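One chain comes next, on its own, written as structure tokens: the form predicted on its own.
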């Protein structure tokens, strides 16, 4: 088939992208934005620019191609790179351009028509029916609808409707100053506030060419690792609750609360908000390094004791073992992020591959390799990361104690806490390793204001893998699989 001249650029770019991924690079995302040929042009005269991110070596490369104004479509990337499946559906919903050859171009962000809302049927057979689970569910659960196709117990196919609370975060960034943008970034995905703020600020700092002071790098790692522990303990609580282990669920909920109170004692916010700013951090920790070390010791002892007890409970392990397996081949093909990827033998950790802030000097303890990719392996990865995080936090506390800053409590945030960072124009990508995996921000500034900011969460990149992990599982396995993914629906529906 001969492509129109307007589409050859996209086809050539996709071939180059697919070749890089085949050679070992990782697909990190795809988005679209309108770019006017002249300032003030109407959107109708603007070109649609497709930007693909590729993780390679020590950086994130951006490969882009501009479609001509009024272009109705382009050759789909998904047939070459399956991980683009959801990304291209979002582009279609947002801009109306058709990725030709996409395997299933149903609405993802938009509500769709009545036909789109009819219960789909992907599996045929005697007694097959569809169970709509959500979007309103019991308990404090985010709004997502699972469409489970089943003959009664087995789950041969699962579909998802996610964007019930789409907030238009990308659009809300436009026109904000670089300094104010971090306030929105840290609210994009509440359970990963620090990671989003870091990824955003790293992009701003690359545009400005500034480097945060050493002290700021330590404080950033401090809050990032406490956020990681809180998230992983929360996953353990949800898994214990799914297994009916009320005492274990309550104890891990208490541990999470202790972590959040420690964060609040350090900065005044339970979610670490207001700490990370372009150029560094807003203030020094409010707790002395000695007091921090003491609290970390108590917390680690309590968390790991309960973790050991949970992982020695055979009835609990039986529910997780072989449940929701993601094969290593599928994890590598998709570029699965965070604990989901690492549980299936695919490690993509931005803290080691593209280190930032104080991570290069602190180092990371090696963790065990996992290959089974089931819910048990995903929890085991999280416990390994909790141990790793506590080790990093002790190193940070000792480094803070060794600084020349003296007593940290009550001091202001000036001086060595931040470098001047007031970029006027430019574009850069920034990243950070959230508890769910790599968070990526692509930021463009014009005249000191954000003209475009595209956030990509690990939750969005990973959730589509729920389609692939139900082989051989039944309805009662569902809560274990969902909890073991540890993702945020709000982080998907940005």
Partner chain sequence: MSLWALRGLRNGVVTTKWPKRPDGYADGWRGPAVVQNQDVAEPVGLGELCPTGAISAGAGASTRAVRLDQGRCILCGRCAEARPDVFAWSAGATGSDAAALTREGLVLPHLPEDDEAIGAARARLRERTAALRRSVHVRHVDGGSDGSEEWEVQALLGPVYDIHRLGVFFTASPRHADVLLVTGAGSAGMAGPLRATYEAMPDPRVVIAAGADAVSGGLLSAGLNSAGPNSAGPDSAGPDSAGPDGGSATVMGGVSGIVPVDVWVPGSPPSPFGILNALLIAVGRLADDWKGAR
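These numbers were taken from a predicted model, which means no experiment stands behind them. Numbering follows the first chain given and starts at 1.
Omitted here: the form predicted together with the partner chain. The next part is about that form.
Heavy atoms of every residue among 137, 141 and 169 are located within 4.5 Å of the partner chain in the model of the complex. Of the residues 309, 288, 361, 322, just one reaches the partner chain in the model of the complex with a heavy atom at 4.5 Å or closer; this is 309.
Taking 158, 71, 90, 191 one by one, only a single residue has any non-hydrogen atom within 4.5 Å of the partner chain in the model of the complex, and it is 191.
Stretch-level contact check against the partner chain in the model of the complex with heavy atoms at 4.5 Å: of 215-223, 181-189, 202-210, 388-396, the positive one is 181-189. For residue 268, a non-hydrogen atom is located within 4.5 Å of the partner chain in the model of the complex, even though that partner is not displayed. Residue contact check for residue 230: one or more of its heavy atoms lie within 4.5 Å of the partner chain in the model of the complex. Using a 4.5 angstroms limit between non-hydrogen atoms, residue 298 is distant from the partner chain in the model of the complex. At the 4.5 Å threshold, heavy atoms of residue 273 reach the partner chain in the model of the complex.
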